[in-house]
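In the form predicted alone, a lone chain appears below as structure tokens.
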């Protein structure tokens, strides 16, 4: 990795109760005691039910908290079960994941994602914007076309670009144990960054990789030098595994 600041985002998905907070002590202690760990950002994105508890848990640790999604509506409204960006920010959260493939698969399109990104930024949340292609699209050599389409539509008329992290998550890699070859991943990350700089006017684009990241494959993934960090799913639910990923990447 070329940047001094590196990101490790823990997406807890639908996992965790209040008693799960005790498992975070290992990560908090690791972050405090390891001097080299000061040059990285650790971000936890638990379910909505745990956001407040995580913010309180991390109050003096410099570990940040984010949500896994939000509504595109900026004001209060009638949608049952929805939570908007202002409600998330009121809990003192800093980040939100948007555009995740699991949400896209349930009908969330680029236009809605664009509205969500706009609303999140207006409420001073930083955005982790997920993009990625399916296995069929990959086999048809459509990866670049799909990513361009998602970036163009998702970031249409979006400002505050310095508050956006791009997370490249191939749909075919999420939860499958499959990860791209290093040379393929390097080409895709470079392609994304060049596009963001030249076409979207990002001054210093940050791109993360997500999809079956684990302690077993991180030694290979860390060889992709133009990555700025990782979006970690299942492995982040285990503090030891998450610390192992950080250590093998950064320390």
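Owing to the predicted nature of the structure, the values given are computational and were not obtained by experimental measurement. Positions refer to the first chain, counted from 1.
The form predicted together with 1,3-dihydroxyacetonephosphate exists for this protein as well; it is not shown, and the discussion that follows is about that form.
1,3-dihydroxyacetonephosphate in the model of the complex is approached by residue 212, whose closest heavy atom lies within 4.5 angstroms of it. Within this chain, residue 234 lines the site of 1,3-dihydroxyacetonephosphate in the model of the complex, having a heavy atom no more than 4.5 Å away. 1,3-dihydroxyacetonephosphate in the model of the complex is approached by residue 169, whose closest heavy atom lies within 4.5 angstroms of it. Looking at residue 241, you'd find every heavy atom of it more than 4.5 angstroms from 1,3-dihydroxyacetonephosphate in the model of the complex.
Just one of 91, 121, 174, 146 comes within 4.5 Å of 1,3-dihydroxyacetonephosphate in the model of the complex, counting any heavy atom, and that one is 174. Of the candidate stretches 204 to 212, 189 to 197, 220 to 228, 51 to 59, only 204 to 212 contains residues with a heavy atom within 4.5 Å of 1,3-dihydroxyacetonephosphate in the model of the complex. Although 1,3-dihydroxyacetonephosphate is not shown here, in the model of the complex the stretch 48 to 84 places no heavy atom of any residue within 4.5 Å of it.
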